[in-house]
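Single chain ahead, by itself, as structure tokens, in the form predicted on its own.
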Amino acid sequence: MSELLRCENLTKKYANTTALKGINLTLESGKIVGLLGPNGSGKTTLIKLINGLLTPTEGKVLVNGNAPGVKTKAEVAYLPDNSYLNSWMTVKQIVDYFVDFYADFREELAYEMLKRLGINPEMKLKTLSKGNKEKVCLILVMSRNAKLYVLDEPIAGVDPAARDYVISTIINNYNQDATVLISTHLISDIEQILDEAIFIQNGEILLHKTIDDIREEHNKSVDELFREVFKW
């Protein structure tokens, strides 16, 4: 395993608030990591900094040794918490777009997952249910052979019956040498697949440990500890 993500004194200030307060964080390759915290804790700000969508006020973030930019965009597969796809396009047109845009996109895998979900590639995105739209977005991200997958609330809008499929899609289709960073507040649904957990609140990291260490040191599940720490 090698270092894949490093944040050093990473700070992000907006006009009236400080969203991240000098955080230091290192993630190694080959891990599934939960970024866990209540709404407004700084999860999405951190994710946007990793993806180069925001610029740090202070400090730095490095992905595989590089600041976010053209090189890291070729190595990071990002699923935002809101759909960014054009609703007038068919699913096939969107797949074709990803094939052209990303050298690491696995087209055959994308169609295989769409078939398993019963999603017709000829359908326009706007005709799909909200849950199926989110599944399409996830399939597109997980079809890349990336080094870092960053998933912002991947199961928040999916009905409980489909969450197991979404989770299996994540764990069965990512590059095993890569790292998956999952932001969520639905801890109990993903705890079984996590290697590590990061607790973040008010822009500060409260805890970053392996799941085994959390259970051993606190004699609690990650979900139980989360509820205790954040009074959830």
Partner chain sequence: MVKKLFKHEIKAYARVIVPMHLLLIGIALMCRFVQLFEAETDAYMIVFNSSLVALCIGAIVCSILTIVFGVRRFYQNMFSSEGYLTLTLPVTTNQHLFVKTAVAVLSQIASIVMILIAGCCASLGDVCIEVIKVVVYYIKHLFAQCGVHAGLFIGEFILTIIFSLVSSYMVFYACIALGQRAKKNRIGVSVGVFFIYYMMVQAISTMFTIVITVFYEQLHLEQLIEYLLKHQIFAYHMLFITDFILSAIIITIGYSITKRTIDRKLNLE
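In this text the structure is predicted, and so the values were computed from the model without any measurement. Numbering follows the first chain given and starts at 1.
What comes next is about the form predicted in complex with the partner chain, which is not displayed.
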Q.
Heavy atoms within 4.5 Å of the partner chain in the model of the complex: which stretch in 24-32, 162-170, 44-52, 195-203 meets that?
A. 44-52
Q | Of 128, 85, 109, 117, the one that lies within 4.5 Å of the partner chain in the model of the complex (heavy atoms) | A | 85
Q. Does the trio 16, 70 and 74 actually contact the partner chain in the model of the complex, every residue with a heavy atom within 4.5 Å?
A. yes
**Q.** Proximity of residue 98 to the partner chain in the model of the complex, heavy atoms at 4.5 Å
**A.** yes
Q: Would you check, heavy atoms only and a 4.5 Å threshold, whether residue 78 touches the partner chain in the model of the complex?
A: yes
Q. Which residues in 102-120 have a heavy atom within 4.5 Å of the partner chain in the model of the complex?
A. 102
